[in-house]
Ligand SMILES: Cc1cc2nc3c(=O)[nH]c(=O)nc-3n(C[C@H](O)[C@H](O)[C@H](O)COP(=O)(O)O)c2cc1C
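Just the one chain here, laid out as structure tokens, in the form predicted on its own.
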């Protein structure tokens, strides 16, 4: 089975995306995957300064937690990004992390399949589309990778509310089982 890296990008206490991520991880483990989970809570991730030195060295000149995460992303077979939807887009810390993964572009990265779990108070079909498109833009820069699947869990707002959403918890678990 695959080496799966799950990155939770919410910084909120009792995060609904974290609750659903843990269910996703349970499903992925049941399917036989080796799973590592990284939360961005407490991580220091600076903004990319656009120097492009990383295109030559495959290392970022900024010294923070993004470098450690980039090495784990590079070594994973499958990536899962979990994000709350803010203003119909991925959260800012997820976008900042994606920008900082620029050293991977010229590298011999391993990941092929990329997935997204998103959570929002809004429950319209269109709610996650801009976030999914943003991740797709990142994935499209990696010729060997594909955005393989997404799961949107809408209608969840208050901290910890996801614990009460039995159907959404089951969807996240099944999504985890379906990872490749």
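Numbering follows the first chain given and starts at 1. Everything numeric in this text was worked out from a predicted model, so none of it was measured.
The protein also exists as the form predicted in complex with the ligand; that form is not presented, and the subsequent description refers to it.
> Could you tell me which stretch in 64-72, 115-123, 31-39, 129-137 has residues with non-hydrogen atoms within 4.5 Å of the ligand in the predicted complex?
Contact criterion met by 115-123 only.
> Counting only non-hydrogen atoms and a 4.5 angstroms cut-off, does residue 87 reach the ligand in the predicted complex?
Output for residue 87 is yes: heavy atoms within 4.5 Å of the ligand.
> So, residue 156 and the ligand: in the predicted complex, are they within 4.5 Å at any heavy atom pair?
Answer yes; at least one heavy atom of residue 156 falls within 4.5 Å of the ligand in the predicted complex.
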